[in-house]
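Only one chain is given next, in structure tokens, and it is the form predicted alone.
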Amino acid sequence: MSIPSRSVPFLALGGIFDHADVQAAQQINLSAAEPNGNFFPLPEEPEFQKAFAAHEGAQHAIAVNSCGTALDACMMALGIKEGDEVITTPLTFVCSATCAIAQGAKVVFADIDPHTLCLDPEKVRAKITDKTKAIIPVHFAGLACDIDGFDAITRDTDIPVIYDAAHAVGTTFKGQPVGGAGKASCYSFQSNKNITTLGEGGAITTNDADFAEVVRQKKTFGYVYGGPKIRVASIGFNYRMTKPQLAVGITQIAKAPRIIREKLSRFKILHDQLSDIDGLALPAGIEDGHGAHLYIVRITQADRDEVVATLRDKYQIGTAYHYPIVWTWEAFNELEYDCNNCNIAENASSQVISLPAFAQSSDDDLQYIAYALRKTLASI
């Protein structure tokens, strides 16, 4: 069977940005242009935080300007410091590890589950020492990691778990949103995520009121609001989201269920069309509850880079690579870290390809992706 050629790019915008979002940002800008207008204070902040906490199943949400700064604030709130160790996955974006290193800690990498590609709790247990002060699992590509396994570690050791939920807006575990799990969860609203706040943004969710208050301080110069006067109670930074971003965040979170539902439906169609291709390992958990951030396959019987090049050059299909192993970045050349016994993650990193499945993808796009991948693997 031959299918007419078409171009299927890997989109930079992961979700849906439409008139309602444009109008929300425009209204803020128009108001600021009026006499006595401004971009501060931020009444939109509590509205967005309340909506996001409810969506993610948590009691508290704190808006920040990226998932990276969310992780930074959590490390500071935990008091992570030089001499401490923090365990995370090596198959992730770099800030899952560098947030600990920035506080002077040593990052320890543990291996992943070969089926889910998420951090394996049992591999984490093998890396725990008396210096371990935090664990950072990642809900990879929108699939929840083994929250029960990490809860058990915390019960046994008192080590707090901070979830990197950058991929996990709308993700559920055993029917419950993941935002209330562990000590806290850190989300991203960067442009390629399912919801965005004008290209950058993030949030922290938690059920721990005291932890939430410390994080609020850390993200706003250490300020403590309330009482007869404002206090600066600790050293903090400016990690705030802007007024236009918060306004857009309110419209985006309102449409998040639709974005995820439509994107997941595209994932399921592609999943079915790829199911009988030899040399291709499909992602786990493509079912209700998956956050539908990335559709990642593994090339198991061919050279991944050759497959990517053929899809690009012969079939005009864009792909992405999530992710290089963290310690292969040059910044790690002079750093101390533990990367022993992470063979599953290293192997997976050499195989993964993110395919262009989006809420906007047509049935013809998905059929063409499957056709091109089938022909490519058969020819290599």
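So that there is no doubt, residue numbering starts at 1 and follows the sequence shown. Computed from a prediction, not measured in an experiment: that's the story for all the values here.
The form predicted together with a small molecule is left out here; the points below concern that form.
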{"property": "Stretch in contact in the predicted complex with the small molecule, which is absent here, among 219-227, 193-201, 232-240, 150-158 (heavy atoms within 4.5 Å)", "result": "193-201"}
{"property": "In the predicted complex, the one of Gln245, Thr205, Thr171, Ser96 near the small molecule [non-hydrogen atom within 4.5 angstroms]", "result": "Ser96"}
{"property": "Residue (of Ala166, Val215, Ala100, Ala184) lying close to the small molecule in the predicted complex, criterion heavy atoms within 4.5 Å", "result": "Ala166"}
{"property": "Distance check, Thr92 to the small molecule in the predicted complex, heavy atom within 4.5 Å", "result": "yes"}
{"property": "4.5 Å heavy atom contact, Thr88 to the small molecule in the predicted complex", "result": "no"}
{"property": "The small molecule contact at Trp327 in the predicted complex, heavy atom, 4.5 Å", "result": "no"}
{"property": "Close approach of Ser354 to the small molecule in the predicted complex, 4.5 Å, heavy atom", "result": "no"}
